[in-house]
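We begin with a single chain expressed as structure tokens, specifically the form predicted alone.
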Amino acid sequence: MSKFSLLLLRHGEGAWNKENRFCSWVDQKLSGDGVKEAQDCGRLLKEQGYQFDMVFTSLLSRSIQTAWVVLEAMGQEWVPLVKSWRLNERHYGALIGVNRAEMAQKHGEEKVKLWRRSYDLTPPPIEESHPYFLEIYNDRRYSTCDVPIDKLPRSESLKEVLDRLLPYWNSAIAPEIRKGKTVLISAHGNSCRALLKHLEGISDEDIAKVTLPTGVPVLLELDEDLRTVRPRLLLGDQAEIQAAIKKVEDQGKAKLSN
């Protein structure tokens, strides 16, 4: 029997989503299309009568900006926003900045799918010589974390994302849900997938098949143990959602030569 509900949201399209590059911990704002996705999401949630008590985001601008735009569209700008690096996107290490389609041409689509989707495969770590290393680790936002900067990830599998997310879920988010608060988590494709794996009990193999499009809210109905009682529901026009899922899945395919 459903006792609580939770809304998960992968942020709207960012500039590097449009360019099909591994964005990860590089800070990017939403694209124009991403802003529209967040506005449409907010309007949909308002139409369906949702009233949020708290919103949790990562420390990355695209996650925070999505939450702002959604709340503005709902007329709920006053709702408290809580930010944590533990909701950040998966750290793709040395792959950050790389174009997925070009990588598929070079290494094969199956290898890229493994890097993107497998549960326990960790990409090569980011090195200090990487063009985005200093941009990430010299960023003042990471001096606010509950771990020292030198203990932050340099690369992560999805399993490692879940390992760093679960303590925050248990200590910060779950207690608010248990109080009966309506919570929105505005995060990223992989932090949302990691949390879905935990809440829905998805197997290590099946999590590779879970794809979340940008800007589409996901409704989870939870029991008293905060486990799902029925399949997740992606809210909105289902044909448009399936097209958006296919678009995400196609990002890892090699470009056809002209």
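All values derive from a computational prediction rather than experimental measurement. Start at 1 with the first residue shown and count on from there.
The discussion below concerns the form predicted in complex with a small molecule, not included here.
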Using a 4.5 angstroms cut-off on non-hydrogen atoms, would Gly189 count as touching the small molecule in the model of the complex?
yes
At the 4.5 Å heavy atom threshold, is Val248 in contact with the small molecule in the model of the complex?
yes
Check Ala244 for me: does it contact the small molecule in the model of the complex (non-hydrogen atoms, 4.5 angstroms)?
no
Contact with the small molecule in the model of the complex for Arg117, defined as at least one heavy atom pair within 4.5 Å: yes or no?
yes
Within 4.5 Å of the small molecule in the model of the complex - does that hold for a heavy atom of every one of Phe56, Arg86 and Leu162?
no
With the small molecule left out here, work out from 64-72, 189-197, 44-52, 225-233 which stretch has heavy atoms within 4.5 Å of it in the model of the complex.
189-197
